[in-house]
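Listed next as structure tokens is one chain, alone, in the form predicted alone.
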Amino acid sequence: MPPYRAPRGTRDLLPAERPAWRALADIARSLSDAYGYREIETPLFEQVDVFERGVGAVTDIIEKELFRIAPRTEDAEVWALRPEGTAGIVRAYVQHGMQTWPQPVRLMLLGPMFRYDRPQAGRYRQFWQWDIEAIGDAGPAIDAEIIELGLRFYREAGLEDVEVHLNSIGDPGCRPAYIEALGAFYAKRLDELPPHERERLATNPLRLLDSKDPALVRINVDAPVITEHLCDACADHFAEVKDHLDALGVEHRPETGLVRGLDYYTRTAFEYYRRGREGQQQALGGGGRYDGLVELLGGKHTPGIGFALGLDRVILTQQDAGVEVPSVRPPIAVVVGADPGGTAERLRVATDLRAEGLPVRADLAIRKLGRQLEAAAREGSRFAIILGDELSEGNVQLRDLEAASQKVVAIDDLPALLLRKSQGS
């Protein structure tokens, strides 16, 4: 066993894996551009208070999963690695005066997040998310647009069986009465609650609704339903979100146990699942409306909504579903030479071809021609460009490694010839 390994809960993404990840990133960026969401990058770490306010001090993410960075001096700021993207984006929105920009401000972030979570299949301590946020629009249409955008991402990633689970969690005006009814419901069944869920009941009863504990799942069948406690404004907003989704042809499944437990979350909440895969830890991603978060982080009251889609989970789901994903593409040609020591000429020819936009590698090892050709064939290159005595007359030998054929080609004709071959003609 090697003396050093990747930290537990992390992994190396090796070259053979990277094309699939790159393809997902390309889909995310392409869709962001098409829908008008502009890319932003926030620091990988923030003041801890940004996350305690933006995620919630009594959530598992903060209590158990936050990677805190120990300061070197007693009076230094306390930082933490970002566990999600929304809080940092909203902090940037406030800090840089984006409330003066045309609203809504549509932003996207693509990158790694960090949680000190117990590693398991599909859950890593360093993971990647695509984050979309629309800040400054309270209407139901933007909710529908964002939900459809996430669903389209899964479709373009080859996952045709993903569906939307949808709920409304009300607002600070109507939700307190529901929480009171929910607390009374659980209080009558206190003896049936698992010990750790009793602690949650005291701090945040809503979190019990999405518990995966089997005992609580059975209890929640009879729990009060939040959509039956919505005020008129929240009920109307929810109805219009569903109407807009219907207009887009987006099927949506009502899920009354889908909640967000913090006061600044309002109204729309949604998650994405593969059809028939709704069990524990099966959500591919999700999001919701957070109309109180901008104000909580120091700005004026501003509505917002967004989602976070986990790329790690998408990769695993693609593998499970048998989706064909891109693989490593070798260079179309490798420049080799009859003279083992003629590396300068091999490098010059390869550099000139790369300047023409062609993916070409030069074999720079000082070894015999046969070994150079073996290496070119092993990595899957289509051609070997052999430099020999013909080079003094402006010619090279072009060997087709797939067809096992070879011919003399003028070096000036190589770019056009290889370009045609790379395009399949």
Ligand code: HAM
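Predicted model, so just to flag it, every value in this text is computed and none were measured. We number the residues from 1 along the sequence you see.
Heads up, the form predicted together with histidyl-adenosine monophosphate isn't pictured, but that's what we're talking about next.
- Checked against histidyl-adenosine monophosphate in the predicted complex, the candidates G310, P303, P140, P331 yield a single residue with a heavy atom inside 4.5 Å, and that residue is G310.
- Here is the short version: of D117, E192, E156, D246, the single residue with a heavy atom within 4.5 Å of histidyl-adenosine monophosphate in the predicted complex is D117.
- Proximity of V336 to histidyl-adenosine monophosphate in the predicted complex: non-hydrogen atoms within 4.5 Å are absent; the residue sits far from the partner.
- At least one heavy atom of Y290 is located within 4.5 Å of histidyl-adenosine monophosphate in the predicted complex.
- Using a 4.5 Å cutoff between non-hydrogen atoms, S168 does not count as a contact of histidyl-adenosine monophosphate in the predicted complex.
- Put simply, I132 is close to histidyl-adenosine monophosphate in the predicted complex: some heavy atom of it is within 4.5 Å.
- Taken together, the three residues Y186, P224 and H229 lack any non-hydrogen atom within 4.5 angstroms of histidyl-adenosine monophosphate in the predicted complex.
- Contact with histidyl-adenosine monophosphate in the predicted complex, judged as any non-hydrogen atom within 4.5 angstroms, is confined among 246 to 254, 175 to 183, 103 to 111, 82 to 90 to 82 to 90.
- Looking at 236 to 260, the one residue that comes within 4.5 Å of histidyl-adenosine monophosphate in the predicted complex, counting any heavy atom, is R260.
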